[in-house]
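Single chain ahead, by itself, as structure tokens, in the form predicted alone.
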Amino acid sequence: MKTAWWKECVVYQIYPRSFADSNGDGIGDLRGIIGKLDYLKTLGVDVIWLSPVYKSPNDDNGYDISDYQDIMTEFGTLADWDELVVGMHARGLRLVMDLVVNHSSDEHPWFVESRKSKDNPYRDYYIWRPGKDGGTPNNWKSFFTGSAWKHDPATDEYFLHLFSTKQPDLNWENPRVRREVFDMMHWWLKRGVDGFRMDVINMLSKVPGLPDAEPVDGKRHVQGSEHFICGPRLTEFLGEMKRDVLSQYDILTVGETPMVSPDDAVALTDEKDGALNMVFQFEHMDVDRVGERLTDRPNGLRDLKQVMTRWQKGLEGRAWNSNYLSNHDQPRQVSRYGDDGAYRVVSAKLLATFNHLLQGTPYVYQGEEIGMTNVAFDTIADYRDIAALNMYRVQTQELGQDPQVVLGWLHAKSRDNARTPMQWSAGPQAGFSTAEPWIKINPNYTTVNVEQALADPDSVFCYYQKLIQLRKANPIFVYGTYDLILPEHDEIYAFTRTLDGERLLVVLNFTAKTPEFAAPTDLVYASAELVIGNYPAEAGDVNRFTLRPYEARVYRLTA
């Protein structure tokens, strides 16, 4: 397998609205990020991925873009962005920007023109269709509930929006649209950006004719997804992007690709022919998901092992994994997979060990490195996420569900769990802002914050530092092959990493119980050196030992 800097790096995702507010308006901004660059350098990460900072009406917190070549006023100016890039590059940090080109905002000048008339030159920049049988053009559903079509009275036609009604889908069948996007990408790359995270990039190609869809059970698919996930021209479109743009720069590219298989991912990221470096897959995010809810499921750990192993082995030697347990669209990982109460610190370290010891590039989401948790807002009025608000409305008003039950689902699932402001200190507004923030602070900021973490040598932050340093110093952390052991164990997730005769053993107790680890007979070893663990080391038999609650151990084995 080829070596590459983007395989060896650690990526840190910033959600700018919630990271650091420099001007006291309650909203995070670019200058706030500039002020925290030394913190990020101290953590040891290599790449910063910014969620969208472009001009936007903010219907979907910046993922509805009205100008791809300017900065949202709330976040600052292009001059601020230029200063941020200079500051990052001076510290050896790279910048990855979000590329959101499946759709734009309905306030983008292209769409403003497109909706004026059927013969407008920009009409074909979007997907317009007449109604059918007195209704929508087809039965596709939006990811944000309801129909994926909105009627526009000006021309008596419907436009497609797979997400919010204010996020009309761009028509990638139109070569002018592709040219506009590629020109915009060149503009940012020449300005200094070091790569792109590509939002829902596997939805660009829709099946010709936009046929009706079969009904689905609501667990993993939105109705119509078979007609727009990895559509017939996707690899062609991305191949053109690679030829015209990506191949001309040494950058990191990662595609957000819901509902893909390992084979789909290889088609997009194959080391020889693929257009992208890696993709975000979501199969492991569905292990604990049932419809609108996240729920405990019997044998959930075994399911997680199966999914992760399928991706680790499926891409081995062919493509590259991106590894994450949380981001701006997912709940906080320590609340979801660990214990955000008594075992918050050790379980946060366990999850970090897991994410950084898999083969692939690890992604760290802001606040994860101090063990930030989910928040339980008392009322729907405190939520800001459009997906949460829509789901609450549908469940309570249309389906008659108990509002308290739906709030319980949001406490576990809402994207706002990851969007509460970064907790910098125990001071007013958690040190995030001098004003009331755009969304409430998690009340536990007085005990869970950066200031506390930096002062404690046993903190989650310091553990992340050590993991990142070990990854930089040990190629086996990056390039070693992965092999699962104890696949049927309901409490322990254990695997090995092997490279050039060197072997690591990773043993993870995903419970508050105290299970015994016993090495399989084909893995018995003469000695083992503890490389890192989230508890003080214990002497004893290295082939058989009892794990403490949420304990993680990584050993270097000697046969």
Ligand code: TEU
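If you're wondering where the values come from, they're calculated on a predicted model, not measured in any experiment. Counting begins at 1, following the sequence as shown.
Although not depicted, the form predicted in complex with the ligand is the subject of the following passage.
Using a 4.5 Å heavy atom cut-off, indicate which stretch of 180 to 188, 324 to 332, 394 to 402, 338 to 346 touches the ligand in the predicted complex. Contact criterion met by 324 to 332 only.
With the partner absent here, would Val53, Asp70 and His108 each sit within 4.5 Å of the ligand in the predicted complex, counting heavy atoms only? Verified in the predicted complex; spot residues all out of contact, no.
Scan Glu256, Glu74, Glu283, Asp194 and let me know which has any heavy atom within 4.5 Å of the ligand in the predicted complex. The residue in contact is Glu256.
Answer with one of Leu486, Ala430, Val200, Ala319: the residue that has a non-hydrogen atom within 4.5 Å of the ligand in the predicted complex. Exactly one residue meets the criterion: Val200.
Give a yes or no for Phe143: in the predicted complex, does one of its heavy atoms lie within 4.5 Å of a heavy atom belonging to the ligand? Taking the distances in the predicted complex, the answer for Phe143 is yes, it comes within 4.5 Å of the ligand.
Check whether Asp60 has any heavy atom within 4.5 Å of a heavy atom of the ligand in the predicted complex, and answer yes or no. The answer is yes: Asp60 has a heavy atom within 4.5 Å of the ligand.
Phe163 versus the ligand, in the predicted complex: is there a non-hydrogen atom within 4.5 Å? Looking in the predicted complex, residue contacts with the ligand include Phe163, since a heavy atom lies within 4.5 Å.
Does Gln366 make contact with the ligand in the predicted complex, using a 4.5 Å heavy atom cut-off? Although the ligand is absent here, Gln366 would stay clear of it in the predicted complex, with no heavy atoms inside 4.5 Å.
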